[in-house]
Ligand SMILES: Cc1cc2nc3c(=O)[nH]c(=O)nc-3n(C[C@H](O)[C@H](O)[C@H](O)COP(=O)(O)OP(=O)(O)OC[C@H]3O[C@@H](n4cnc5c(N)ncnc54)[C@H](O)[C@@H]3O)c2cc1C
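There is one chain below, alone, in structure tokens, taken in the form predicted alone.
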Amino acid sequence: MRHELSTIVNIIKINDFNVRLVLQNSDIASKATPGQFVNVRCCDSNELILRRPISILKTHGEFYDIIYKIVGEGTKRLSKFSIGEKLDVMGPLGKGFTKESTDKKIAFIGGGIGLFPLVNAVLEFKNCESDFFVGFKSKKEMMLIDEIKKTGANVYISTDDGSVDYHGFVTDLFIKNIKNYDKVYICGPLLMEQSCVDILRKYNINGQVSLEQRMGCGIGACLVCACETVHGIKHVCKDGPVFNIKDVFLKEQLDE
């Protein structure tokens, strides 16, 4: 995978935690599929060697958008870049969400920043009846709701503190509104993903889950993101991040 230079054409501060970048690179934008990610070099010096994996939020023409949360030194350095500067980016990487032509009724379940890879999916998977369930800790962490509603999806919101709509976990909100979906797409904290997978298995609904895990190289060479599946040890960056819910052992990962 070669390194690509992507030009920053816009920087949007979403809230106190998250920043959205609009990047220009026709090669990455044209090749990216829902659920894939890019591996971003956060500074020009050799102080921070490891790149940061960031989900591709959406693609439009020769542009693609990403959102990152400022949580450590790498993302703090990334926040110092300005419009017009170029980022060293590898991508698009990994295997994303897939949809069958027979899928007509689908749902998306996102928790927190797990919302990001699902946005491109709801934009791309058209001609479907779509329900989008999203959970936040509170109102101040909400984002992208209007953008999702514009796709025509039915949006259901939960907040842990009850500051907006349903008071409780997004998994409980999903159960209250569950339908006979052809497929469900999931991304969020591991505990949330495990709960969702348990629900889908109970109701015999097909689904795909995007695993959130620490990564090193992003191409399957360093083995940092190994995970156990029914097909043996796989790597989230190369074999995922999206897996069929029938193939993963999320409970075992929670117990580690």
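Computed from a prediction, not measured in an experiment: that's the story for all the values here. Position 1 is the first residue in the sequence shown; the rest follow in order.
Omitted here: the form predicted in complex with this ligand. The next part is about that form.
Using a 4.5 Å heavy atom cut-off, state whether Arg41 contacts this ligand in the predicted bound form.
Output for Arg41 is no: heavy atoms all beyond 4.5 Å of this ligand.
Taking heavy atoms only, is Gly72 within 4.5 angstroms of this ligand in the predicted bound form?
Yes, contact at 4.5 Å.
Determine whether any heavy atom of Phe37 comes within 4.5 Å of a heavy atom of this ligand in the predicted bound form, and answer yes or no.
Looking in the predicted bound form, residue contacts with this ligand include Phe37, since a heavy atom lies within 4.5 Å.
Should Lys58 be classed as touching this ligand in the predicted bound form when contacts are defined as heavy atoms within 4.5 Å?
Because no heavy atom of Lys58 falls inside 4.5 Å of this ligand in the predicted bound form, the answer is no.
Residues in which of 102-110, 172-180, 72-80, 131-139 have heavy atoms within 4.5 Å of this ligand in the predicted bound form?
In the other structure, the partner sits against 72-80.
Ok, Met192, Leu211, Leu200, Ala29: which has a heavy atom sitting within 4.5 Å of this ligand in the predicted bound form?
Comparing distances to this ligand in the predicted bound form, the residue within 4.5 Å is Leu211.
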